[in-house]
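This document opens with one chain alone, in structure tokens, the form predicted on its own.
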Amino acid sequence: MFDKLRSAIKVLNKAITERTLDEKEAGKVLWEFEIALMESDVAHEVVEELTSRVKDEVVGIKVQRFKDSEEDVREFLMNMIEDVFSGASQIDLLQMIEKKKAVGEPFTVVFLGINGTGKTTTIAKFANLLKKAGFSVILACSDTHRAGAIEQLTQHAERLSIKVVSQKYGADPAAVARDAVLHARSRKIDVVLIDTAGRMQTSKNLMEEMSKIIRVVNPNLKIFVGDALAGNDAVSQAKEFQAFTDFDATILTKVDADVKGGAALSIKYVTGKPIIYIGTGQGYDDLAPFNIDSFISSLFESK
């Protein structure tokens, strides 16, 4: 994972520790670093921020403090990337659910994102994780547009022995979500997970329909599901979904196949919202908490 981003950092590290950089030489090194970041699918805003910070540190006299210490460079770069992930409130999901359960109310989560990101499978993984943590779960199929959506979610539910609430295709998605919440409340079910249609972020009508679901249900958590392999497309999707829904957190899928690494860095930077889980495979157990320290350490592994 993250081979491209790791290579970009390694090249910069080598350049700083082996050269004394004047303005001209620094420009060449930073250009190479900028291109490497772009090839890693790092968003333009993040590229500018990182490049600017490196330039402030390496030009002229300041480079002397790095001259004989590769470890100093490594620490500087690690701190720089860690800063990108700072500022967002971390979410203790299980504790949030426990608090809601204590007052006898279901904890409601709406999942957002376009088709093809693995959203429905991620919901099933999420349900599996919560069941193993001891919570009761119900699924709501508020994707009443895509052919096969109800059957796909129902199949996952059957495999996990979880009830799913659905209506016919073309039904009001907000009504389906509301019915699921009412069912959970009456049956003392701990968590409601709501699947929504995979909306193209350019479709205003569908985005407004999604906003309606959120207004009707008033979920405790809104999660954007992004595809790590989509690169800058995932970043633009995250921006648009945030504008319409002000989502609370991100789950990044297909991270196990991501050789670039830019999506995680970029989505956090442009939205300011935490990444809480990452998809690491196709199985129901392949959903892991996103650990910032582990992510940053992986970028500096010697490979």
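Quick note: we count residues from 1 along the sequence shown, nothing fancier. Quick caveat, the model's predicted, so the values are computed rather than measured.
Keep in mind that the form predicted together with a small molecule is not shown, yet the notes after this line are about it.
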{"item": "In the predicted complex, segment of 175-183, 99-107, 160-168, 113-121 with a heavy atom within 4.5 Å of the small molecule", "value": "113-121"}
{"item": "Of 136, 232, 211, 152, the one that lies within 4.5 Å of the small molecule in the predicted complex (heavy atoms)", "value": "152"}
{"item": "Contact label in the predicted complex: residue 266 to the small molecule, heavy atom within 4.5 Å", "value": "no"}
{"item": "4.5 Å heavy atom contact, residue 291 and the small molecule in the predicted complex", "value": "no"}
{"item": "Any non-hydrogen atom of residue 146 within 4.5 angstroms of the small molecule in the predicted complex", "value": "yes"}
{"item": "Contact test in the predicted complex: residue 256 vs the small molecule, heavy atoms, 4.5 Å", "value": "yes"}
{"item": "Check all three, 125, 198 and 282, heavy atom within 4.5 Å of the small molecule in the predicted complex", "value": "yes"}
